[in-house]
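Coming up is one lone chain in structure tokens, specifically the form predicted alone.
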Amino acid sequence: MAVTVESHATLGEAARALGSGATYLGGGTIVMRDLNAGLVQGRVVRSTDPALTQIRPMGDGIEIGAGVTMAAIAAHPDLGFLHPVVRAVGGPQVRNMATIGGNLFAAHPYGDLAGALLALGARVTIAGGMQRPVEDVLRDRARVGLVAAIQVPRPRDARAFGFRKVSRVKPKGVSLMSFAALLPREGGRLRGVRIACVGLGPAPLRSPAAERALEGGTLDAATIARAAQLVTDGLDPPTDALASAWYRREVAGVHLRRLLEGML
């Protein structure tokens, strides 16, 4: 079957075109690979809507268009808290193509930025205006619709957010696993803890057990050790070419502990 590419001036037009069974092309790091492999055929839809590449302040956070690249995030002064995350994604060529919207749909072992957005409690705007928590989008990615933008809350202070990526190939290999932590403090106590994991399930997800171990306490050696011990409770790490499920369970706590110790 031949491949045809359609360009639409607005996101709304592109969304309507997708309704008839087409594939959406954003940055191209995922779809172009599948096109070259013959896995995508038929109609391919893209949009030149300028809103897709905009970054703008919004309340206590920042709205990032779904077509904003990792390189653009890394260069934006208001997104410093995300710089360590996007700079850990591939090399310059990948970061110049890969988009924040596309990373929400990146299958394991990719999706480090999606994990960070999960920890930050981001919200996703779908074409047409409906908003959904990023957690809901990651849980059911096949039925999301066309993503227009992501609203990312800004951490209250530099210590409140941290990220750690673990890979076998240094420095830019795919993730064996990665962790993102949001640790807001009120009066010295942790309130609203969010711990997100990539590589410990089929998609980025939170660790409720680690969150409970930290919530309401102080960030010290004892609470960190407890959270590290419990991080994989209730999770189902995969076995793949990178590592076995057993290995992931064995080392996940070590790397979460190192992340949390760096946030003391």
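From a predicted model like this one, the values you see are computed outputs, not experimental measurements. Residue numbers here begin at 1 and follow the sequence given.
One more form of this protein, predicted together with a small molecule, exists but is not displayed; see below.
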Using 4.5 Å between non-hydrogen atoms, is Val94 touching the small molecule in the model of the complex? yes
Just to confirm, Thr232 within 4.5 Å of the small molecule in the model of the complex by heavy atoms? no
Although the small molecule is absent from this view, report whether Ile30 comes within 4.5 Å of it in the model of the complex, heavy atoms only. yes
Can you work out whether Gly26 and the small molecule are in contact in the model of the complex, taking contact to mean some heavy atom pair no more than 4.5 Å apart? yes
Within 4.5 Å of the small molecule in the model of the complex - does that hold for a heavy atom of every one of Leu79, Ala119 and Ala181? no
Which residue, Val166, Leu138, Ala88, Leu190, has a heavy atom that falls within 4.5 Å of the small molecule in the model of the complex? Ala88
Go through Met70, Ile64, Ile195, Ala227 and name the one with a heavy atom inside 4.5 Å of the small molecule in the model of the complex. Met70
Choose from 71-79, 154-162, 128-136, 101-109 the stretch whose residues reach within 4.5 Å of the small molecule in the model of the complex, heavy atoms counted. 101-109
